[in-house]
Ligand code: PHB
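The form predicted on its own is given below as one chain in structure tokens.
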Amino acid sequence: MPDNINHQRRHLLLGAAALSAGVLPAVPASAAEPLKIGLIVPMSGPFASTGRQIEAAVKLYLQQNGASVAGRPVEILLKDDGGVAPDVTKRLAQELVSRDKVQVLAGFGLTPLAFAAAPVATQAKVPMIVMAAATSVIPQRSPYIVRTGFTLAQVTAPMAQWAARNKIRNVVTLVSDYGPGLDAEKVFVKDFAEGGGKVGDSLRAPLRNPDYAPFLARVKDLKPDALFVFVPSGEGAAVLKQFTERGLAAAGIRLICTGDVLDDDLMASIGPAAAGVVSSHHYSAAHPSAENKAYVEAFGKANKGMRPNFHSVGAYDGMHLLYQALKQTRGDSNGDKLLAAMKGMAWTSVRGPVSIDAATRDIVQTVYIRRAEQSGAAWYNVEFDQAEKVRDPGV
């Protein structure tokens, strides 16, 4: 972990009008105590795109809904954990709770980082809104965790079922070797086999500094009908590039995947290599709802044309969940009261209808089957099928 991570961390307060360093103007003594939210995300390192999307979505939510709720001014304390060192994430969570007195923790780009912060949330009885990390068991690590993003198992099962229904009989799986990847592998193998398919081999690439070439060479030798891939957001461009360059597409091997591979934030860099690739996910910037069209337009205007991705939606909905819970508690930020208000909550998201399962504290949502298509000069994941009210299947 570079020594300069501590120097790169930013302690920012997000207002409704703009993101600015330092402290927001002091509120009068008679005003309600500010609600402090500790937002821990990777703003540097290999997964910085995740942090950038989450930061932008939180800022947009505050711009659109105000920097106060239920009479409480809202302050966001943004911390960069670098994305790869759980001990850094845990230390930041501890500092936010003990020194900065935050009432809510949020963000968490990858599963090991969410695991590291979970005991802090439990001990402090502080709600922890997981906006990105996607291993199934995350909510089980603390009774104070609520997830507004997704789980890999949740979005993988519909892909396996679709493949089995669409004359794909023999598949090799390739996943990143950590929690979400193992979840995706297990669920795909199970559901694909139940649909009559066969998995010829299951390959796992290292999370840090992966080299996909030897794995793709193995796939080409096995000659499956399709290769199923999961890699975390940020790695998809490398996989698609090597898949094409090494002749797998030319050999007639299809690539199917979860939406992390075809991250909307990366579609411009992936370009024609994405053509025709079918994926399953809970959000696409091309989702045709009126709510999403307005969101994509506002997000782009606020961020110099940047396209929102699925991590942005996890963050945007995380803020919505918190605001609605605070309205129900009339501004009371007691952790147990906020958790009680969040459980079972349902709303229409920009991604479609969602709810928080009262028993598991995990999100229930529609999962879409999409095909990568060109529209003008841009590439999008266009939805053509869906599975509704999908819960995490557990692994």
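Start at 1 and count along the sequence shown; that's the residue number. These numbers were taken from a predicted model, which means no experiment stands behind them.
Only in words, not in the display: the form predicted together with this ligand, which the text now covers.
**Student:** Look at the stretches 303 to 311, 187 to 195, 91 to 99, 217 to 225 and give the one with heavy atoms within 4.5 Å of this ligand in the predicted bound form.
**Tutor:** Selected range: 303 to 311.
**Student:** Consider the chain as shown here, without its partner, and state which of P232, P127, G318, G82 has a heavy atom within 4.5 Å of this ligand in the predicted bound form.
**Tutor:** Flagged contact: P232.
**Student:** Exactly one residue in L322, L262, V175, L110 has a non-hydrogen atom within 4.5 Å of this ligand in the predicted bound form; which is it?
**Tutor:** Selected residue: L110.
**Student:** Would T135 count as touching this ligand in the predicted bound form under a 4.5 Å heavy atom rule?
**Tutor:** Taking the distances in the predicted bound form, the answer for T135 is yes, it comes within 4.5 Å of this ligand.
**Student:** Answer yes if any heavy atom of Y283 is within 4.5 Å of a heavy atom of this ligand in the predicted bound form; otherwise answer no.
**Tutor:** No, Y283 sits far enough from this ligand in the predicted bound form that none of its heavy atoms falls within 4.5 Å.
**Student:** Answer with yes or no whether L152 is in contact with this ligand in the predicted bound form, where contact means some heavy atom within 4.5 Å.
**Tutor:** Output for L152 is yes: heavy atoms within 4.5 Å of this ligand.
**Student:** Would P180 show up as a contact with this ligand in the predicted bound form if we use heavy atoms at 4.5 Å?
**Tutor:** Within the cut-off, so yes.
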